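First, one chain by itself in structure tokens, the form predicted on its own.
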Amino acid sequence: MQRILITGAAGGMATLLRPRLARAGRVLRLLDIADVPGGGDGAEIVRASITDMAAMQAACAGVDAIVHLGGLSTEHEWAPILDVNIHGTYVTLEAARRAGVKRVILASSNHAIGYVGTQDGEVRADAFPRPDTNYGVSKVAMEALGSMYADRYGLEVVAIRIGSCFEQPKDARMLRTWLSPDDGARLIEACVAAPAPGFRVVWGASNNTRHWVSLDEARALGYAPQDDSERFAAQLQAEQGEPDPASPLMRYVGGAWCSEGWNTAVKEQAKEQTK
């Protein structure tokens, strides 16, 4: 019986993936600090924080692979990002090592390379980090921790730079970054099944006509995407129009997160000065 631990199991992406990853011969162990609903899939529910080493080590017992989706999913001030996203990833990997788990899939993000431009052709999955926010920095740290645990301790780690995983794209920009839930599950299955991946960084996106990123590295693991955001294009463009190509929304992989509205350090300093 295969057992897969999913952290952040109450979150949006985990909720979409859960029914797509459930299958005969597999037990999903679902961990979150928030309530995770039960269901008829036989899942094991664990209420715990990814920053709690003892709890994480217990949750890793008997696990074949970990899908690490836990953490803050948007931009925050530095202290919570450091604790939950960076320290939480360290705890997850270290708990996996202590418990003998061999395979860990990390949910990285396009924001790890948010300041990479979109105008110079396909962006490779291993593009050098250029984070756009504290959140983006946490994903760079996540990838670095995964690399170190693979090289030093022999874990097999795949970091997925996820674009936008929703039932359908929410705007015209997302036509370029969309990862359908079905393709998300296909990618996770490929990451779980791939023989001896060592450490890899791959893109998490569907086979989109209007793509910005290369899926070569993911395909090398056995990923075969079947969805294309183009089927939503006419409706989205009729409702919203096409974004200005000169705006940060379209010039950078990180989109609007590269604009002045995301100056978290400036906002945090102003908050301190008003105390």
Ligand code: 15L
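Position 1 is the first residue in the sequence shown; the rest follow in order. It should be emphasised that the depicted structure is a prediction, and the values quoted were computed from it without experimental measurement.
We do not show the form predicted together with D-galactaro-1,5-lactone, though everything after this point is about it.
- Residue contact check for residue 74: one or more of its heavy atoms lie within 4.5 Å of D-galactaro-1,5-lactone in the model of the complex.
- None of the heavy atoms of residue 95 is located within 4.5 Å of D-galactaro-1,5-lactone in the model of the complex.
- Though the partner is left out of this view, residue 115 does not reach within 4.5 Å of D-galactaro-1,5-lactone in the model of the complex, counting heavy atoms only.
- Not displayed here, D-galactaro-1,5-lactone is approached by residue 174 to within 4.5 Å at the level of heavy atoms in the model of the complex.
- Residue heavy atoms within 4.5 Å of D-galactaro-1,5-lactone in the model of the complex occur in exactly one stretch of 121-129, 165-173, 185-193, 147-155, and that stretch is 165-173.
- Residues from 87-110 that approach D-galactaro-1,5-lactone in the model of the complex with a non-hydrogen atom closer than or equal to 4.5 Å are 109, 110, in the order they occur in the chain.
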